[in-house]
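One chain is shown next in structure tokens, namely the form predicted alone.
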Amino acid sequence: MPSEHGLLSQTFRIHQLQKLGVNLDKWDYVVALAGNPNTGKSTVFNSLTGLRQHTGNWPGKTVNRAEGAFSYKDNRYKIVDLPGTYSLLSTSEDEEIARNFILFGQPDVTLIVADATRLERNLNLTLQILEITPNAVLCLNLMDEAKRKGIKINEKALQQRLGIPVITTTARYGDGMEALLYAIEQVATDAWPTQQRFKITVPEKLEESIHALESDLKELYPDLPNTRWIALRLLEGDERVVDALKNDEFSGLMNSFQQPPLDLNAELDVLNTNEASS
């Protein structure tokens, strides 16, 4: 049963949140929804968009792609549900899609949904995302299960260390959704203090190598986002990034994630037509 707080959160969402389903004609901000499998990511997606079923595929991939929309206060948001992954090391198609969208799609906010009962494991993905972008919100979901297990989390201390909003939720009951929407708005509109954002410090010699490699990358790809992250991956010997550079894939990747709105209704019509003709 929902807690009293959960009922209040649901009432708030009805008044402040407009679920737009697949109405993606225009938007003000893009939100990427990331997280490990089985963290309640789909529940958060459905709570925000009102969708119960969605379909579609990433360009050139067989992996399902889901998009939805919602409006909060005066802004419209497109939310892209990324494949559930444990890391962004690009050792699988799911991981490659997730990290490429965060890097090349340049969402205004990356909403990371984590399992509050397995926080240490989930933070691995969080830190990898923060290497790419500081524009993130960490949603500690399944707090009801964490409380049942006697797990206590100091979200304020975690927020201070990570430099991004950290919100505790139980999405299936609506708990914490008011705070989550407010945090998304704060990051999307650049209202979140930039001086608090996550920074990676490295040894001085490595910093010099990163800087030199960054300069070369910027000369080759003036529009490439986050050349520092790519320089780090190259220095670490990331084979997928090395191959992308050798094969001149970066320009194509930047274009591939600047896609027109995904017409989910059209996708369903195609599926229905195919089923009827088979």
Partner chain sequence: MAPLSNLRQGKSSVISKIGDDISGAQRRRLLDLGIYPGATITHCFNSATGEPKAFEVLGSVIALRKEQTDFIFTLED
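Not measured: the values here are computed from a predicted model. Residue numbers count along the first chain shown, from 1.
FYI, the form predicted in complex with its partner chain isn't displayed, but the following is about it.
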Do all of Asn124, Gln128 and Glu236 end up near its partner chain in the model of the complex, with near meaning a heavy atom within 4.5 Å?
-> yes
From the list Tyr86, Phe104, Tyr173, Trp192, which entry has a heavy atom within 4.5 Å of its partner chain in the model of the complex?
-> Tyr86
Contact residue in the model of the complex, from Glu95, Glu185, Glu178, Asp144 (heavy atom within 4.5 Å of its partner chain) | Glu95
In the model of the complex, does Ser71 have a heavy atom within 4.5 Å of its partner chain?
-> no
Is there a heavy atom of Arg76 no more than 4.5 Å from a heavy atom of its partner chain in the model of the complex?
-> no
Report whether the minimum heavy atom distance between Glu204 and its partner chain in the model of the complex is within 4.5 Å.
-> no
Using 4.5 Å between non-hydrogen atoms, is Gln159 touching its partner chain in the model of the complex?
-> no
Candidate stretches 134-142, 151-159, 116-124, 165-173 - the one whose heavy atoms come within 4.5 Å of its partner chain in the model of the complex = 116-124
